[in-house]
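First, one chain by itself: the form predicted alone, in structure tokens.
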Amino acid sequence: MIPTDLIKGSLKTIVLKLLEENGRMYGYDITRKVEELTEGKIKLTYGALYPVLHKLESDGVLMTESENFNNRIRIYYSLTSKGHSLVTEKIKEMKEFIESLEKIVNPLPGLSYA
């Protein structure tokens, strides 16, 4: 399992990408999808997920819809137009970050840092 501190900085991008690909989702659905896609290596807690969802909503990136499901209120999140344009930017940033980490973790042979 991947430690929470490594996931924390990527959570916004993860949420945006999932909502772009799957349309509207509710919190449990997001956590389940992340766990499924990562074969259980990333397990999101509600304590980490919901502050990110609320922040994205207050920033105008997400909108919410409430729906009654089996006598329980379920809150669905979906991207606004601002959210759709932000996804591309966040994915690009994430890819650059991953490529940079790869260069640190697996430097090219013969590369000198002197």
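All values derive from a computational prediction rather than experimental measurement. We number the residues from 1 along the sequence you see.
The same protein also exists as the form predicted together with the DNA; that form is not shown, yet it is the one meant from here on.
**OP:** Give a yes or no for residue 18: in the predicted complex, does one of its heavy atoms lie within 4.5 Å of a heavy atom belonging to the DNA?
**Re:** Flag for residue 18 set to no.
**OP:** Indicate whether residue 51 is a 4.5 Å heavy atom neighbour of the DNA in the predicted complex.
**Re:** Taking the distances in the predicted complex, the answer for residue 51 is yes, it comes within 4.5 Å of the DNA.
Original post:
Using heavy atoms and a 4.5 Å limit, would one call residue 11 a contact residue for the DNA in the predicted complex?
Top reply: Answer yes; at least one heavy atom of residue 11 falls within 4.5 Å of the DNA in the predicted complex.
Subject >> Close approach of residue 37 to the DNA in the predicted complex, 4.5 Å, heavy atom >> reply: Answer no; every heavy atom of residue 37 is more than 4.5 Å from the DNA in the predicted complex.
**OP:** Quick one: name the residues from 50 to 73 with any non-hydrogen atom within 4.5 angstroms of the DNA in the predicted complex.
**Re:** Those in contact are 50, 51, 52, 54, 69, 70, 71, 72, 73.
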